[in-house]
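A lone chain, given as structure tokens: the form predicted on its own.
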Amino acid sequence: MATLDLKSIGKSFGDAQVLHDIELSINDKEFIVFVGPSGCGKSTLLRIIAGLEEATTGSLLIDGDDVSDAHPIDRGISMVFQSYALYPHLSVFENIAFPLRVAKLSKSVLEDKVQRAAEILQLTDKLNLKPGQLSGGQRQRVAIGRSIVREPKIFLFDEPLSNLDAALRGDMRVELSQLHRDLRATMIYVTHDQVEAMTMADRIVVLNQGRVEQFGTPMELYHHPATKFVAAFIGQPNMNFLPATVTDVGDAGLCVQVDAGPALVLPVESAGVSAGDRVEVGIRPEDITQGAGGLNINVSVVERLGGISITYGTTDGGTRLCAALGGTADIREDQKAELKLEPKDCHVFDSAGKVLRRRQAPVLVE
């Protein structure tokens, strides 16, 4: 069992507060990803969990025990850093075995643990090599192996794939997901890459300026973002935001007029919103289709990717827009195109960036 509870965690460096009242409960064997832009506090939060930083306020519990003041080595945690931090003069075997030698384990136990870690990470035939003879992905696996042999309660990963090229990052994402299933361990992973978060996590913590914007499964964050920040951060390409004016609040929902675009009736909770208020209608590029729908764009760039055509342009109202259309879409650069929005796929955000909760399937005003 390895549960983790963060209770009102705050962190300040002098007068600068970088974490604000963080409340999280992480279950046994979960793969949790902290994601957010640079400077949002995700690595600081991970270091507090590891015991490398001391929280200014709040407490940290592992399996129900308060470890806020415990030494890092006494927390049952192992951390894999962005840098491999391998000893270049030692073999792969000795790099993996290093923490076990420090712990003065017997030779037979040490060799057994290293061999098991090497089998899990497919490094058995590399044990006699030096780090300089390995690829970047293999070096990262050695660093992970050094963590595995310690048999920690919780694994921490601080942007471990950021130094790898794009193709290798994709391969390593699959390997780490498989490793999580094989070890059945609690893992916390920090990244700024939302693709890594979406593909690997059981649940994602989206951080922004030291605060938790939303905590949920990848599909919850994708389909039901709580704020404009989450909606913009999760999903690739990013969600579009179309400025609009509320024209009426009725039984059918919120009536809005998109700037230089269509009129929509969106059945969302309208508390605190009145006619004349400005809102933003969010629509993901993959939910936009070609056809008569009242939204015209001036196409600037079309990226043909085979199955899809990523189309960039601006609306007649001057708002930038991206649409993921079919691979054979009849659309050309430096021409106009008419696009259609399905109101059931739209999100509405108020002036504070908070989402207005949906209440039923929306309909399009003809």
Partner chain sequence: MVHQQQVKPRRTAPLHLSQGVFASLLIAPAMIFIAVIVAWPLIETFRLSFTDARLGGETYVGLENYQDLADSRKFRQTISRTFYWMFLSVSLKLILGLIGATLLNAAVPGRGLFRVLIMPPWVIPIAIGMIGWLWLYNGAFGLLSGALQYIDVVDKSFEFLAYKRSAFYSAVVADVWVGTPMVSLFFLAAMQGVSRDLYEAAWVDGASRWYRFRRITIPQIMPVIVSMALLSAIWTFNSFEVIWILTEGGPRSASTTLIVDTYKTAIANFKFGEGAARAVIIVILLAIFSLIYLFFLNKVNKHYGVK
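As the structure is a prediction and not an experimental result, all values here were calculated from the model. Numbering follows the first chain given and starts at 1. Between two forms, the rigid core is the largest collection of C-alphas that superpose within 1.5 Å.
A second form of this protein, the form predicted together with the partner chain, is not displayed here; the remarks below concern that form.
Colleague: So which of 276, 272, 291, 132 gets a non-hydrogen atom within 4.5 Å of the partner chain in the predicted complex?
Modeller: Comparing distances to the partner chain in the predicted complex, the residue within 4.5 Å is 132.
Colleague: Among the candidate residues 259, 220, 202, 94, which is the single one with a non-hydrogen atom no more than 4.5 Å from the partner chain in the predicted complex?
Modeller: Filtering the options by heavy-atom distance leaves 94.
Colleague: Going by a heavy atom distance of 4.5 Å, is residue 162 a contact of the partner chain in the predicted complex?
Modeller: It does not: once the partner chain is placed as it appears in the predicted complex, residue 162 has no heavy atom within 4.5 Å of it.
Colleague: According to a 4.5 angstroms non-hydrogen atom cut-off, is residue 215 in contact with the partner chain in the predicted complex?
Modeller: Judged by the heavy-atom cut-off of 4.5 Å, residue 215 is well away from the partner chain in the predicted complex.
Colleague: Please determine whether residue 52 contacts the partner chain in the predicted complex, using a 4.5 Å cut-off between heavy atoms.
Modeller: Although the partner chain is absent here, residue 52 would touch it in the predicted complex, with heavy atoms inside 4.5 Å.
Colleague: With heavy atoms only and a cut-off of 4.5 Å, decide whether residue 146 touches the partner chain in the predicted complex.
Modeller: Looking in the predicted complex, residue contacts with the partner chain include residue 146, since a heavy atom lies within 4.5 Å.
Colleague: Using a 4.5 Å heavy atom cut-off, indicate which stretch of 175-183, 67-75, 264-272, 119-127 touches the partner chain in the predicted complex.
Modeller: Result for this chain: 67-75.
Colleague: Where, within 70-94, is there a heavy atom within 4.5 Å of the partner chain in the predicted complex? Residue list please.
Modeller: Contacting residues: 71, 72, 73, 77, 78, 79, 81, 83, 85, 86, 87, 88, 89, 90, 94.
Colleague: Is there a C-alpha shift of 2 Å or more at residue 87 between this form and the one not shown once the rigid core is superposed?
Modeller: Residue 87: C-alpha displaced by 2 Å or more between this form and the one not shown.
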